[in-house]
Structures are given as structure tokens and as C-alpha cells.
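A single chain, nothing else alongside it, follows as C-alpha cells in the form predicted alone.
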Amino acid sequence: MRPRVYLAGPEVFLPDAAACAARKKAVCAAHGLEGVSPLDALATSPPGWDALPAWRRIHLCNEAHIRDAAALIANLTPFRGPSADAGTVWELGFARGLGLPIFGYTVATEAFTERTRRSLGCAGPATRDEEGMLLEDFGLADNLMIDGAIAAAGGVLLAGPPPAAGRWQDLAVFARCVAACARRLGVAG
């Protein structure tokens, strides 16, 4: 049986989310892993879940998928701002709390600090925003807690060059991340 790997990321919001998930699962399978999408249904839903609002069922289902996974791979490409998708970051933290190996990837090569400065319209090497709040400046891919969680969990955070088009569809950096995860889990693809 192939190790199950939860595939966290904002691709669930794409118009072709299911097709994107299928492409990512194919990359996982080529490396000896079973990719699990947040869109995947559970084999069986616990009693009472049908009566819950959709948002709550989604949350519980994704938690169940993560609990059943051997590792988590997160797309940390900036989403609707200078940082990664908040839901993806929460899933990453949840997996870290469970002690799972965590891997991340992004097609953003510019440091988090520079993306934040640009997003805020800060000129030059500003160290504080307009409210006087310190800008995090460690030269990392994202917030230090994200990079730190991945490092502490024995994973890697890979950054690749931004593709000319289709940053959500380009799977080159994702494939490198999957390969690293497979090696960590001792799987030969």
C-alpha cells in the first residue's frame, strides 16, 4: 500500500480544481505515493455529518484526511496577498501538531519581506509599516513559523522560478517536492 500524502493548497478554488488534483495525484503515484486532495470524499462519513453546514463538513473531512496521512505537501505560493493561503497554513500547522513530516513548495522566489513591502507600498528598505509594525525580515520564503514548522518536521520548502503563465498549473516545483517526500518516507517511485 502506498503512503497517503495530503495535498494542501489553494488549488481547490480553481475552476478546474478536480483536474488539477488529478494531475497532482498522478505525480504522486509516479513517486510511489497516494495523493489525497482536500476535495476527496471520505470512505465513510461519521453519523451526523450530513446535518452539518457544508463549511463544517469540509473542515472535518480535511482534518480526517490529514490524520490518515503519512505526510503533508503544501503549496505555499502566495495567495491573495504576500503570504500563503491561510487555510493551507492552518493545515500545515495541524499536520505539524500531529507529528507528520511536512513539505512545502512555492513558485515565488522573492523573499517574504520583499513581497510584503511591495504589497504595503513601502518604499526602499522600510523596516516598519504605516502603523509602525515591524516587518519580518529573515530572508525566508514566508513567515518564519511556516518555514520553521517545515524544518522542524524534517521536510523541505522548495522554491522554483515563477512560470511564465499558470502558476497554479505548473507542477515542476511540486514534482521536486513530491520526490523529496517520497525519499523521506523511504518510497522508491
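Here the structure is a predicted model, which means the values were calculated and not measured. When you see a residue number, it is the position in the sequence shown, counting from 1.
Separately, the form predicted together with a further copy of the same chain exists; it is not shown, and the next lines address it.
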{"property": "a further copy of the same chain contact in the predicted complex: G148, any heavy atom under 4.5 Å", "result": "yes"}
{"property": "Contact of A86 with a further copy of the same chain in the predicted complex (heavy atom, 4.5 Å)", "result": "yes"}
{"property": "Contact test in the predicted complex: R23 vs a further copy of the same chain, heavy atoms, 4.5 Å", "result": "no"}
{"property": "Non-hydrogen atom contact A18 with a further copy of the same chain in the predicted complex at 4.5 angstroms", "result": "no"}
{"property": "Single option in D40, E34, E136, D68 placed near a further copy of the same chain in the predicted complex, where near means a heavy atom within 4.5 Å", "result": "E136"}
{"property": "In the predicted complex, residues of 87-105 near a further copy of the same chain [heavy atom within 4.5 Å]", "result": "G87, V89, W90, E91, L92, G93, F94, R96, G97, L98"}
